[in-house]
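Here you get one chain, nothing else, as structure tokens; it is the form predicted on its own.
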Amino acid sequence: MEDLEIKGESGVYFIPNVKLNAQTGICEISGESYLEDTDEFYSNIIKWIEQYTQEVRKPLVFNFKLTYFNTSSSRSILDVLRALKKYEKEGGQVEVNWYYPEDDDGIAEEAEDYMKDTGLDIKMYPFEPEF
């Protein structure tokens, strides 16, 4: 199975960095997410998760380190988390870590809402973003 890597970009739209490692099961989405076609972008991540859960079936560690995301990205992130919860329900081992800018309570509150919506245990960590 192939890794999925997407290099982040900043401009009119903001594309987050994505590193999904099929060997280690360690995955990260970081940066800012404000995209032209959010559904298409995140559907590639969900497809990768679904393929991983069918073919590899090893533990997954998913690190979210976003400094900003818009409403459509928020809905898509919820879909990613639901895919992870589905794997967990099927017996897969899933760890979700949510890193939020220490001065941004809004992003921390989003993670709390995601926990309620999905039933996932999301570990939360403040961090100081590098600009």
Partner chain sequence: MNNDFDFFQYYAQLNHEQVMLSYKGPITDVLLAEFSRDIRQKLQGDQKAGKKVFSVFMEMATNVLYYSKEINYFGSRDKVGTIVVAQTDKEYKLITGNMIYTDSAAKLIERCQIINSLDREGLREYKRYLRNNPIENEESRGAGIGLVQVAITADNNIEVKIKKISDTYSFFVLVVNIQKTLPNNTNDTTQNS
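All values derive from a computational prediction rather than experimental measurement. Numbering follows the first chain given and starts at 1.
Unshown form predicted together with its partner chain; subsequent notes refer to it.
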Is its partner chain close enough to N44, K47 and E90 in the model of the complex that each of the three has a heavy atom within 4.5 Å of it?
-> no
Any non-hydrogen atom of T24 within 4.5 angstroms of its partner chain in the model of the complex | no
Closest heavy atom of T53 to its partner chain in the model of the complex, within 4.5 Å or not?
-> no
K58 near its partner chain in the model of the complex, any heavy atom under 4.5 Å?
-> no
Evaluate E28 for contact with its partner chain in the model of the complex, applying a 4.5 angstroms cut-off between non-hydrogen atoms, and reply yes or no.
-> no
In sequence order, the residues of 23-45 that place a heavy atom within 4.5 Å of its partner chain in the model of the complex are E32, Y34, E36
